[in-house]
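Read the single chain below, which is given as C-alpha cells and is the form predicted on its own.
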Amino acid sequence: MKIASKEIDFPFVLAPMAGVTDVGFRCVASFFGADATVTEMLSARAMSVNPTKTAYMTLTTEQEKLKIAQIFGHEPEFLQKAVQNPLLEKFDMFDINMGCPAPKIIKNGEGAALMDNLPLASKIISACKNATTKQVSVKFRKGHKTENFLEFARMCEESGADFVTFHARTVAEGYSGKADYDAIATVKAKLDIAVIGNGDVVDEKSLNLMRATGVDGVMIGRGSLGRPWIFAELQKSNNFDGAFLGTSKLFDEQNKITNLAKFATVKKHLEILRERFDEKWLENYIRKHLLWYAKDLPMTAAIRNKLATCDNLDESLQILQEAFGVENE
C-alpha cells in the first residue's frame, strides 16, 4: 500500500498514543523497524489558538521514516487550517482521529463521537483533503452509540480518505476484551482503499491473525509499551546498526534482542528527550515509560517502588541498568 510517497508491502505503523508517542519513543520505534510513526493527538483548535504545547508534540527526528501528524477536532474550518499549519509542514501526511474513546474528547463531539455524525465527519475529511496535496487517512472504531463501522468506513472512502485505520472495539469496550478481527475483515472486503488493522497485535500469533483478515498493514499501540523493539521481533529483522544506540551487540545467537540493547534503547529514548525538554518536567513524564521498560524485569517490589518514586533521572537509569543486568561497555 502507499503511505505518503512510499509504496510499502504490509507496513508496520506505530499507533498514536496520548502521553506516550513522544519524539524519543517514535525515534527508537523507527530504529527497530516501524515504517511510519504517528504523533499524539494534536488539537486542531489549539493549533490555531495556543500552539505552544502542539509545537513540543510535533518535534521529530531524522530517524523517523514516515511521519504522520494525527489531528482531532469537530470544526471543519479548524481542521482545514491544521493541515496547512506551518507546524505540520515537516510531516508526510495527516491522520484524522475519529476513534478516541476518552470521555472528555467524546463530550466535545470529537474523536469517536464523530461516528454518530456522518455528515459532519464527511465534511471534516473533505475539508482536509481539499486543503492539502498530502495523503489524509482516518482512524476509527466499531462505533459509539451503534456499531456502524461499515457505514462509517464507506463514508470515509467516499469523502476522499486515502486509507483508513480500524481499531475494532467500540467506545464502551475501551481497551478491554478482544479486538473484533471479523469486523476488520468485513471492512477490508468492502472497501477499495487500503485498510490498516489495529488492536491486540503483541506477538507473532496475533500478527498472523491480523494478517488473516486481509488488511494492508498493521498498527501497533499498547504492544509496544516498554517494548519498541516489537517491530524488529515481528518483522524478524536484525539488520540494524548498533552504533545508533551506542552498543555493539543488539541480538543474541537466537536472534533475540539482548538486555544490553534493551537498556541502550532506554538510554537513547531518554537522551533524545533530555536534549529537548526541561529536566524537572521530564522527571515526572518519563516515569511511566521507565516502568513499562521494567515490567518484565525480575525486580523486587521495593526496587520497583523506588523506580516509581525516584525523581532523579540518572538514579532511575542506574536502577534499570542493574535490573537489566548489564555493565557499561
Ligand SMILES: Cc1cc2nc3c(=O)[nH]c(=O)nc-3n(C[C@H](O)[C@H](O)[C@H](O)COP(=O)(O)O)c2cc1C
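For every residue, the number given is its place in the sequence shown, counted from 1. The shown structure was predicted, so the numbers you read here are calculated from the model rather than taken from an experiment.
Separately, the form predicted in complex with the named molecule exists; it is not shown, and the next lines address it.
- Checking 161, 112, 220, 187 against the named molecule in the predicted complex, a heavy atom within 4.5 Å turns up for just one residue: 220.
- For residue 200, a non-hydrogen atom is located within 4.5 Å of the named molecule in the predicted complex, even though that partner is not displayed.
- Taking the partner from elsewhere, residue 310 is found to have every heavy atom lying beyond 4.5 Å of the named molecule in the predicted complex.
- In the predicted complex, no heavy atom of residue 69 sits within 4.5 Å of the named molecule.
- Taking the partner from elsewhere, residue 317 is found to have every heavy atom lying beyond 4.5 Å of the named molecule in the predicted complex.
- Each of 16, 40 and 167 places at least one heavy atom within 4.5 Å of the named molecule in the predicted complex.
- Annotated contact segment (heavy atom within 4.5 Å of the named molecule in the predicted complex): 220-228, selected among 74-82, 220-228, 128-136, 239-247.
- Along 80-114, one residue reaches a heavy atom to within 4.5 Å of the named molecule in the predicted complex: 97.
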